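To begin, one chain is listed below as structure tokens, in the form predicted on its own.
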Amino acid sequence: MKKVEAIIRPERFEQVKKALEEAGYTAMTVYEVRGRGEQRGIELQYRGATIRVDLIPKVKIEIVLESDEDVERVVRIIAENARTGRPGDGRIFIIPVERSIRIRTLEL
């Protein structure tokens, strides 16, 4: 079992979600987060002044999958739908999951 964590641009979330749902991946956890990558934030012009935005709004998606084939498919779907080609498109992490227990039934 693996957990795929993707941190993407908020404006790309609906497109990524729709593509995942169309492929049959409906279970996910989504967070609104803030962060920065190698670019260390951005500079914006506001009323003639330069403002540094250090932490940029992002969306984090978590999906737990049972097979490695599903992992590769989900990673491809996320990457294809989240990519703009500009810095700040995000990152995808793949993390091993030891086990999962359903709270309602206590089944593994």
Partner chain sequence: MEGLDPGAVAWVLASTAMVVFMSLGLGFFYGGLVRRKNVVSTIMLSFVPVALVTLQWVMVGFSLSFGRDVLGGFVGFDSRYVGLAGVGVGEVAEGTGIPLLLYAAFQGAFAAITVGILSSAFAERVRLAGFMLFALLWTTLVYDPVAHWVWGGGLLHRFLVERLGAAPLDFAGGTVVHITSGFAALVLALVIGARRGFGEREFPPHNIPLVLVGTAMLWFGWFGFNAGSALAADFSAANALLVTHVAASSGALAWMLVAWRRGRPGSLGFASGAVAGLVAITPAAGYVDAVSAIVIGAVAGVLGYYMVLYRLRRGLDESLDAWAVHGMNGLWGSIATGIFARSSVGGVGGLLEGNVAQFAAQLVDAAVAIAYTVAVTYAIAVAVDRLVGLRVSETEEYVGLDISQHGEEAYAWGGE
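If you're wondering where the values come from, they're calculated on a predicted model, not measured in any experiment. Numbering follows the first chain given and starts at 1.
The form predicted in complex with its partner chain exists for this protein as well; it is not shown, and the discussion that follows is about that form.
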E69: heavy atom within 4.5 Å of its partner chain in the model of the complex?
-> no
Are there residues in 20 to 41 with a heavy atom within 4.5 Å of its partner chain in the model of the complex, and which are they, in order?
-> V30, Y31, E32, R34
